[in-house]
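What follows is a single chain, given as structure tokens, in the form predicted on its own.
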């Protein structure tokens, strides 16, 4: 029996998001701009704009740019309710009837109801089973689960454990993220029951990414997953990133030393962080009286946007931070979004077709054995 291979990749994700392949490009800060979403959309995937890091005055322009280039609003917007222009993000997603929104710390039921009334799908990202259950309770239409292999702020549960847990507990479609970059990975996620996969690092490491060449070269250079590890040194939360001199120095320092690094960093970019000499001295005195480690984390957390921009926008990978999934170590070259998506889809189709063929052969063999036994 022959199979329509394209049918193997039709899932609730492709049906509800209106994309050709069950492959989602996540909203990486300072990476997922209009151009990356356009490249993803044209290639048949589904892309999210990083509304959390696009300047408020430029956000509507980025949305319009994608619509004009792709001929529709078949893409998504990511935002956080704690960002200053969260209300703007909500309003724009509804105004332009975007296909979906994604978020971490999600909006309340009232805001979710506004999205639903406008036909905008709500797709939160979670890293734990309890958060998935809460998201569904609040009205999530689909859920993206990110295992601990994923980049940036990530949980501690591997995708292979988290995905089956969530699939067994919720009735909405589930998208798997954390550790995916190949067609084999997509095939395994679909076979497990997921509606598709979401990838960040794989899309960051493309020729369509706005990430500076020096920083991209640093990502490509990584060939050991152990070098893409979790640190608590930046803001006290689990943060997976590529090792670099800045992180090594921060982790090796004493609490007071870490405070000095944090203050020096804030002072170096005082125009962006608002750090004055008086403020710096006041923070230092406060830390000596209280807890230098805790205060340094507060300062570093405030520095985080600048540290990200230093590497992801300005192109100085050793002077900022490099959020990354472990999968970066398995990616040895940059390809276009189209080549990545089509390559993954083709490999997944081959894997799933082989699985169906094997199951068909086993079924036929079983029937022959039953017939012979009956005779």
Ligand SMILES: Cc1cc2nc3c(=O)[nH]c(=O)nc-3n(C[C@H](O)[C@H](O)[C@H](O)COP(=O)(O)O)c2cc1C
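Numbering follows the first chain given and starts at 1. Fair warning: this is a prediction, and the values are worked out from it, not measured in the lab.
Unshown form predicted together with this ligand; subsequent notes refer to it.
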Using a 4.5 Å heavy atom cut-off, are 13, 184 and 196 all in contact with this ligand in the predicted complex?
-> no
Of the options 80, 109, 130, 249, which one has a non-hydrogen atom that comes within 4.5 Å of this ligand in the predicted complex?
-> 80
Want to guess which of 196 to 204, 134 to 142, 167 to 175, 67 to 75 is within 4.5 Å of this ligand in the predicted complex, heavy atoms only?
-> 196 to 204
Taking the shortest heavy atom distance, is residue 327 within 4.5 Å of this ligand in the predicted complex?
-> yes
Exercise: residue 28 in contact with this ligand in the predicted complex, heavy atom 4.5 Å | yes
Can residue 312 be called a contact residue for this ligand in the predicted complex at 4.5 Å between heavy atoms?
-> yes
Wondering, does residue 152 line up within 4.5 Å of this ligand in the predicted complex on heavy atoms?
-> yes
